[in-house]
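What follows is a single chain, given as structure tokens, in the form predicted on its own.
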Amino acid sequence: MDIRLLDSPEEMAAVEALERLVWPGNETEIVPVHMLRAVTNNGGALIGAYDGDQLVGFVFGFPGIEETPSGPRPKHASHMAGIHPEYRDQGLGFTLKRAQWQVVRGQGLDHIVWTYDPLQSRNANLNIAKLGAVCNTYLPEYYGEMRDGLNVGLPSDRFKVDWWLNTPRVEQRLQRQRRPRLDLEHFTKSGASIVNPATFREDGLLEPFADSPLLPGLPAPLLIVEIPPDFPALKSASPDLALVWRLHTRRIFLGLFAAGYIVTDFVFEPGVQPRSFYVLSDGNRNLT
């Protein structure tokens, strides 16, 4: 793949066309060429991936300001990342985010933030497990009502993740020889408990316990929260069950984040009935 910064109107028109393919169904969700050009001419970064002459992926973000106890400081807000459907699951998202990491560090910044749907296990695997981002912020109904084909019909809840670019954690995840993938047993043998163990229904869809409580024995060093392994497929098969999962996990994450927990890892367990799990660490302990 050819990975490069995009700055011409023609390149941005190709990005706009790819947006329509990735987020079909509503023109108002598309970032148009004139906005892409204005942002990139004022410190933003639009990075594209090409297979020959075809644009097959991009990541887009811009500089911003965040409030801290010591006053405002600069950050980079990563707003969009899209991959052509025929090029997914080939590591292209990781490659684009690594290029973004290089570009933003070159601007002298050390913090990138972005949002994603916490029930999308593919995004969780990339953002948390592969890139080393962390999360302790849950944003209910962040975008209000969304009308594109991927998001219509559900509350637009989001995780806001923090990617600390110069930390050993992130630098180790981005090395060509990355850490071995940890499975669920690794964490359960370390004493982690599953907050909300789910069960498969007769139709094969994963269903959470209706009244899963938070663990009464908090604080614990590690906790595990289960989510559906393929939320888009579950939503297509049962919109009502998708809403149950949204509200169920919203309550859990809001409660655990308020108690000081941080999402620090993600586990995907393949198999005939695959499973997906977030790993949360007690933020009051020393994290590595």
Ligand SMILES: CC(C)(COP(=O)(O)OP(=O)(O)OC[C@H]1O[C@@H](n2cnc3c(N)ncnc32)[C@H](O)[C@@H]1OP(=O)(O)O)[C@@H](O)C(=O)NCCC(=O)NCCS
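From a predicted model like this one, the values you see are computed outputs, not experimental measurements. Residues carry their position along the shown sequence, with the first being 1.
Note that the form predicted in complex with the named molecule isn't included here; everything after this is about it.
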Q. In the model of the complex, does Trp164 have a heavy atom within 4.5 Å of the named molecule?
A. no
Q. At the 4.5 Å heavy atom threshold, is Lys130 in contact with the named molecule in the model of the complex?
A. yes
Q) Is there a heavy atom of Asn123 no more than 4.5 Å from a heavy atom of the named molecule in the model of the complex? A) yes
Q) Do Gly82 and the named molecule come within 4.5 Å of each other in the model of the complex, heavy atoms counted? A) yes
Q. Out of Asp203, Asp89, Glu185, Glu145, which one falls within 4.5 Å of the named molecule in the model of the complex, going by heavy atoms?
A. Asp89
Q. Taking the partner as it appears in the model of the complex, which of 68 to 76, 193 to 201, 105 to 113, 175 to 183 has residues with heavy atoms within 4.5 Å of the named molecule?
A. 175 to 183
(Q) Would all three of Phe62, Thr264 and Tyr278 be in contact with the named molecule in the model of the complex, where contact means some heavy atom lies within 4.5 Å? (A) no
